[in-house]
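Read the single chain below, which is given as structure tokens and is the form predicted alone.
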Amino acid sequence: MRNIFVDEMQKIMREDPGVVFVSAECGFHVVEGLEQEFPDRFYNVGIAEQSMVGTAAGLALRGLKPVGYTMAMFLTMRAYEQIRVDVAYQQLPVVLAGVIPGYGYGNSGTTHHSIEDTAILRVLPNMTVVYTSCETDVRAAARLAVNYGNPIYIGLGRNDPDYQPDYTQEDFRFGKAIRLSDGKDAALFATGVMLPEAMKACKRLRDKGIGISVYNMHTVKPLDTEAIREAAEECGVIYTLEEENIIGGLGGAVAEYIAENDGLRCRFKRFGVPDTYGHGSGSIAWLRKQAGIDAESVADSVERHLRKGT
């Protein structure tokens, strides 16, 4: 999805001279065309993520619309203080694009897995947190973000080429979940690259006579609480699915809302990465299987939970 994001940014920069692109030595073959077309609006600060965020903040203070682009794990953790103090605290209109969060870097191992970014960014006041699941999401998010006027983080995972959503860019709005299927037995809120897995799990369950309402909860903050309330009232059972640590992510956000609203009566279960570091290296599919967040594992767990209450 990084190629799609850069392609859309290139189109946006042709239309809006105020948009500038800041990179931290990331994805030469992806950003090369953008750099060549806009040499005066492209800044590569080198392997210095803190400097990238600080530079973006400075450009925003000068009235420009900066987009900071680099690998998710280094952006969110190495430059966390700069994101907090330079961007979020000052509520600057900076777009932070995290390349391939979650298990996206697969065989590169734990150092390159970004499974904590939702939790640490969600606690920052003024910060919006978004994860894209497909080309439609990426292009819509890029266009909305540059004129959003507030700090925003966009996670750009590795897309599933077989997943084609049945909605348009106009349907995509920050803070508003997109309902993709209808079912009365349970609701499943998925974010980012987990959405295709959610749809596959939904199909497996449908074949067994279990109807699931799947929502694209692309925006983890601000949360679409109306969608949660709708699901609780219609289904009475809610699941969340994310390629992030089980603590502090989408599941935590939904659980907080349910717990603090006495009028909501529903069963609830989270699917995410267990609260442990991986001790092996493998493909994305293998890692998801180990974490129990692949479509088959999710479908089996949902079936057991619904049929046996466990």
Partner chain sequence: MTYEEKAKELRREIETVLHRAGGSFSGGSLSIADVMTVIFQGGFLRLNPGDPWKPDRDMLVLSKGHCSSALYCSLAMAGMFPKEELLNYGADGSDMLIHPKIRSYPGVETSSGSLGHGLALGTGSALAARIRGYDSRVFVVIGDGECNEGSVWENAAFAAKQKLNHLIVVVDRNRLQGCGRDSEILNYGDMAEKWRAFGYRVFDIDGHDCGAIEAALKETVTWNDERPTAIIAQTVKGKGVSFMEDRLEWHYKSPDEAQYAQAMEELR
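Treat the numbers as computed from the prediction; the structure is a model and nothing was measured. Residue numbers count along the first chain shown, from 1.
What comes next is about the form predicted in complex with its partner chain, which does not appear here.
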{"query": "Heavy atom contact within 4.5 Å of its partner chain in the predicted complex, the stretch among 135-143, 83-91, 170-178, 110-118", "finding": "83-91"}
{"query": "Contact of Arg62 with its partner chain in the predicted complex (heavy atom, 4.5 Å)", "finding": "yes"}
{"query": "In the predicted complex, Val30 touching its partner chain (heavy atom, 4.5 Å)", "finding": "no"}
{"query": "Non-hydrogen atom contact Thr55 with its partner chain in the predicted complex at 4.5 angstroms", "finding": "yes"}
{"query": "Contact test in the predicted complex: Leu34 vs its partner chain, heavy atoms, 4.5 Å", "finding": "no"}
{"query": "Contact test, all of Ala187, Gly211 and Thr219, partner its partner chain in the predicted complex, heavy atom 4.5 Å", "finding": "no"}
{"query": "Among the candidates Leu287, Val298, Met9, Val20, the residue which, in the predicted complex, approaches its partner chain to within 4.5 Å (heavy atoms)", "finding": "Val20"}
{"query": "One residue of Ile247, Val45, Cys266, Cys26 in contact with its partner chain, assessed in the predicted complex (non-hydrogen atom, 4.5 angstroms)", "finding": "Val45"}
